[in-house]
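Consider the single chain below, provided in structure tokens and representing the form predicted alone.
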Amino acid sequence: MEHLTLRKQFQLNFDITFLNHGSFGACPIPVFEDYQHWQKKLEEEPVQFMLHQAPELLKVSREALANYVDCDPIDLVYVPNPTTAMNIVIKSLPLKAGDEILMTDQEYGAINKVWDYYAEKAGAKIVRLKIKLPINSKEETLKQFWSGLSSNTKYVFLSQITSATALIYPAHEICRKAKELGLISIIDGAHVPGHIPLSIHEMQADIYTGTCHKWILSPKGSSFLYATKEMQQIIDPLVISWGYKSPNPSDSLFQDYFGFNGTKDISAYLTTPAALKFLQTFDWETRKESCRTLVKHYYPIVAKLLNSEMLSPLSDDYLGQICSFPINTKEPVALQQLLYKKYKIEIPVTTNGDQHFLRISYQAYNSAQEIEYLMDCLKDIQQTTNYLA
């Protein structure tokens, strides 16, 4: 079967039903081999590689990525992950006492902590809008989001695809209105690149961060930070290094600051062209469409099995290749461990506030039979344990 042919392109353990691509992704063998190629080049001649070859190699990789996400390559830098990117950005913001940051109640836990840390230091206020679930329409969601707007609002922050609920949020509409209101828009797109269409140029976000190691299929530790040229003026690096007052400055202080921050293996960053080539070779756009179709098919079926509900209509406006189900469990950790240890299913049980969710990621290497197997296991858990009501 075709999915087995694709599965063999990855190093995933065949003994595990892997329904958690969304957490850390999975890297195809050809892309991983490209990764090892760059690591080998680094070790063969570390000095020449780091000091003389790396800048041009990074430029080529950055240009390929910028073309894919539709932005100017000079406005994009590589970072290990979105959490690093958001630390860079939030630490640099001129937050003042009384400033308000508008966001939803469904943001990623680690990024919530970054906002809380720097807001507390500055005396700024985080306004977390409760978004009603299930979502019924974009208009309703936007109305709820902007209900938190005040004269003190300075920044809006949004996960374009949320981690726990796996919902796509209207980032384009929010960024456009933020611009009209003179607010700074900051978008966490960790789950977006390679997953759903992305044009940073069309979105008009002031700040955008996304991963390459999830849905673009690069090795772990490859992500990017985009900032408009206006925002670049206030963004400081977390590490001050050779780019500060560089004796050989480029045309971009943003690139100087983040281009070389000491000894670091940049091999994962250099695999972007190989990852994009893999996606093209295997016609990933068509495969993604098939994945979305299957997610829409099984979403109501699994929801009914779990005595749960769908969190949105069955539409590309809200759903990509991941979906979440609110579940009634008092043992979320035990449930996840049981699914892995007994049934050999790798799947997350996420939490947002006091609500737990079972989240399915469906990648092109998965099959409908794996969803059916998950459903059989969930039925068994309902009948034999008290982990699922």
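Computed from a prediction, not measured in an experiment: that's the story for all the values here. One-based numbering along the sequence shown.
Only in words, not in the display: the form predicted together with a small molecule, which the text now covers.
Each of Ile111, Ser159 and His191 places at least one heavy atom within 4.5 Å of the small molecule in the predicted complex. Although the partner is absent here, Ser163 lies within 4.5 Å of the small molecule in the predicted complex, judged by heavy atoms.
The small molecule in the predicted complex comes within 4.5 Å of no heavy atom belonging to Pro219. Gln11 falls outside the set of residues with a heavy atom inside 4.5 Å of the small molecule in the predicted complex. Although the partner is absent from this view, Ser23 contacts the small molecule in the predicted complex, with a non-hydrogen atom inside 4.5 angstroms. Checked against the small molecule in the predicted complex, the residues Thr83, Ser252, Thr153, Ser267 give one hit for a heavy atom within 4.5 Å, which is Thr83. Stretch-level contact check against the small molecule in the predicted complex with heavy atoms at 4.5 Å: of 74-82, 92-100, 270-278, 120-128, the positive one is 74-82.
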